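First, one chain by itself in structure tokens, the form predicted alone.
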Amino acid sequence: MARPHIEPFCDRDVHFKNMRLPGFSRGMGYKMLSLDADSGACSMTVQLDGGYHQPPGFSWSEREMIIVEGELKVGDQTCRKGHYFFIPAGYCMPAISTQQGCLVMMMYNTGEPSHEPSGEHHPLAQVDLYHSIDSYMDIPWAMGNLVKPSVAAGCLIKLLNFNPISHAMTFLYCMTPCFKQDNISYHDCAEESYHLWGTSWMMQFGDIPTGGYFWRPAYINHGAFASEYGCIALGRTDSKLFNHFHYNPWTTPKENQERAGARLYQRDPLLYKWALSYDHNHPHGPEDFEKTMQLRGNEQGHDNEHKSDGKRHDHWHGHDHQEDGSPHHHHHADGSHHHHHHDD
């Protein structure tokens, strides 16, 4: 069982608990944001009290960390808010301490939180994957259209970590004041977000304030979005991010998953057949609800030519023609007959 759908949630609504796992120094409070009950992987907001000190050591889990408020001394380096760390499993961190106290977000990706006191890296640690950077000051904002199809203009990102195998990403994103996007989206990946500052609005859940959080499994509708005054948040995906956009807020995750399959089927039928080699496949592939849902009739001379009511297929959809005798006959607007089949 992976992490459940957690949305909406605001960590300001719950209290810190004392971290009591072995190896962790006293003075560490945590708020659990999401948890995989099988592996122990989790995301937490963590308050380190003034005077907190953790001796050198490593975690058995890969982890990520970003400073939300305050200062954290890591070895000899003083790190301030916005500083991000990617720490591979078994990578020995120097002593960390905070004089005045510090709020951080910690994500343990492959196992439960752990601290093994050590002066050196575990022999199997992928030490070259470690990196840390002041994300607020040392990375420029990039346009959010790195992913196609793209979000609306006004959502900017800073890429913090990228896994070249799974295409999982960690990134900062911001919405500029008066940002809005009016469509519904879902993804083939899980998506996580924590509001570092500011408020955004989502049609399904209303306002997501500072401290607002979600863990959203694949194929769940979200949007439309807006932000009146702007916001900045940490986002993560567990695999390749692709925006499936549509305008039906009532579709279920199963329908969205089938539509994603339908789009793969249209784009690459052989890959689809290899990926879904069940005995009970429908011969025409899964349903793309955007192509078959009932639309609002004649739109007073507006472009109906490139919309489908499920009965009519224009040539621009790229369907192949079949020889005479095909059972699929469709009337076209000009009254002629064409023989079609739906890409088998």
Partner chain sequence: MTFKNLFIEHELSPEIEAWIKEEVDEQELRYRAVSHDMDNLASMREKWYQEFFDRITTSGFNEDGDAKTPIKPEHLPVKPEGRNDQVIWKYGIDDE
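Residue numbers count along the first chain shown, from 1. Note that the structure is a prediction, hence the values are computed from the model and not measured.
The following text describes the form predicted together with the partner chain, which does not appear among the structures shown.
Given the stretches 72-80, 211-219, 265-273, 133-141, which is the single one in contact with the partner chain in the predicted complex, using a heavy atom cutoff of 4.5 Å? Among the listed stretches, the partner-contacting one is 211-219.
The partner chain in the predicted complex: within 4.5 Å of a heavy atom of each of N109, S166 and A190? Yes, the whole trio is in contact, each within 4.5 Å by some heavy atom.
Distance check, Y30 to the partner chain in the predicted complex, heavy atom within 4.5 Å: Flag for Y30 set to yes.
Interface membership of W201, the partner chain in the predicted complex, 4.5 Å heavy atom rule: Output for W201 is yes: heavy atoms within 4.5 Å of the partner chain.
So in the predicted complex, is the partner chain close enough to F245 to count as touching (4.5 Å, heavy atoms)? Looking in the predicted complex, residue contacts with the partner chain include F245, since a heavy atom lies within 4.5 Å.
V68: touches the partner chain in the predicted complex, heavy atom cutoff 4.5 angstroms: Outside the cut-off, so no.
Though the partner chain is not shown, can you say which of V151, I96, M105, L196 has a heavy atom within 4.5 Å of it in the predicted complex? Filtering the options by heavy-atom distance leaves V151.
With the partner chain left out of view, choose which of L241, I157, A233, I184 has a non-hydrogen atom within 4.5 angstroms of it in the predicted complex. Contact check passes for I184.
Which residues from 224-259 come close to the partner chain in the predicted complex, meaning a heavy atom within 4.5 Å? Stretch hits, in order: A224, R236, T237, D238, S239, F245, H246, Y247, N248, P249, W250, T251, T252, P253, K254, E255, Q257.
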